[in-house]
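Presented as structure tokens, the chain that follows is alone, the form predicted on its own.
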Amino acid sequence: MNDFLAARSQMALSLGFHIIFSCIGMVMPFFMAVAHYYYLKTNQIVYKNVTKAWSKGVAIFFATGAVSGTVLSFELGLLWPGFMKHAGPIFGMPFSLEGTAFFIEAIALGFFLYGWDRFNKWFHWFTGVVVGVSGLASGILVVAANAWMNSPAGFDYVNGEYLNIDPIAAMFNDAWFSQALHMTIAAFAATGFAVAGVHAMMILRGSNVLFHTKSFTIAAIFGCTAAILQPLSGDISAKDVAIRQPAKLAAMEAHFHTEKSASLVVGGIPDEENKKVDFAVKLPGFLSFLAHGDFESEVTGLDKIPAENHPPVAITHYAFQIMVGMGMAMMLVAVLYFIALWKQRTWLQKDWLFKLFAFTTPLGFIAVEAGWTVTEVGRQPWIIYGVMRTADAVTPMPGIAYSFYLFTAIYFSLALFVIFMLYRQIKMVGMLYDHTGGGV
């Protein structure tokens, strides 16, 4: 493994690990706030139990996310000094604001965790809402920084120099809204289905059924609503990428040849040497519609883009297919769940519905990881799209491979620690959070 590949692999590992905790940190506080609100309005102790249980989970993920996020901040400077030298003054504002949001989130979480029976009950609830809002703002600000890498703005690039810097224009670049919207909805869908799936498994086991049923309902409604909205944000993102990053769209769809009424490729194995896709299902005109809202429009293929600027097609294509596949599966389950809520209430007592949610527990986070693979790998060979190549930004220091192995071990250990802590929380629900066994 050469140093360039090691640096990219370490960054991919760090991002892939951190994004799970970021999503949960953005979303779980809202679940917690809803449960808390129901407790304050109904005085049903089960909702207080759910709120306290979820708040401990939020604390675990917050602590782990803080560690992994701090590591990422250092990695940007240590692994990519060429990038930070030029990019830091331009897109530093969202990172600075993200730090502010992080500190607000930390303070509010402390108030919430230790504020039971100490604050006014509605002020206490409000501190939980602040945890969610600041976490959500933190995630959106980081995505704005990443969007700048895909759609650089707020500066003039003249003779290798970055002049006339405008941090506001950089932060609110052309890609920030579509990326922030897509990522936010994805976080709600992934976290909602993961939390609902865990509680569904506990319901199937007959453990603390009322506690887990209330928890399942809140998480499932959030997750299913997001899953149904996600294709709309995906359509916005696809149309944006088609305009700004045609190479990325071409790699996503393994679209080798520029043509009108371009076909949407479902599945398939890209053959980059012969410029074709084997074993794929093709839907004529649908790629043109996806990209430009018109079944007859021309879609740029990789043949119009210099070979040295081609992203890795196979990885981008497979990741995109996985993301869409997982999203469609969750949307199908969401539709069934809303039918159950509105028309078929008896389904809500059926084991098959809980088994469906248990099966879909990991799908949202698989989709998130695949989506970020599309975003990052599809931008290659650029670290700042159209301005700086990734190879030109990497550190010249040797031995990065050893750093990659070390961080792999650290993240693996952290993952085991988090799994153990969450398993312990779930197993001790009856002892810690549901003393009556039913929560009524």
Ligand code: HEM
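These numbers were taken from a predicted model, which means no experiment stands behind them. For every residue, the number given is its place in the sequence shown, counted from 1.
Keep in mind that the form predicted together with protoporphyrin IX containing FE (HEM) is missing from the display, and what follows is about it.
Contact with protoporphyrin IX containing FE (HEM), judged by heavy atoms within 4.5 Å in the predicted complex, is confined among 36-44, 49-57, 375-383, 398-406 to 375-383. Proximity of residue 61 to protoporphyrin IX containing FE (HEM) in the predicted complex: non-hydrogen atoms within 4.5 Å are present.
Residue 410 falls outside the set of residues with a heavy atom inside 4.5 Å of protoporphyrin IX containing FE (HEM) in the predicted complex. With a 4.5 Å cutoff on heavy atoms, residue 112 does not count as touching protoporphyrin IX containing FE (HEM) in the predicted complex; it lies far away. In the predicted complex, at least one heavy atom of residue 102 sits within 4.5 Å of a heavy atom of protoporphyrin IX containing FE (HEM).
Contact check at 4.5 Å (heavy atoms) against protoporphyrin IX containing FE (HEM) in the predicted complex: all three of 11, 26 and 146 pass. This chain appears without its partner; in the predicted complex, the one residue of 142, 302, 224, 194 with a heavy atom within 4.5 Å of protoporphyrin IX containing FE (HEM) is 142. For the options 157, 95, 172, 125, the residue carrying a heavy atom within 4.5 angstroms of protoporphyrin IX containing FE (HEM) in the predicted complex is 95.
Taking a 4.5 Å heavy atom cutoff to protoporphyrin IX containing FE (HEM) in the predicted complex, the contacting residues in 43-74 are 61, 62, 65, 66, 69, 70, 72, 73.
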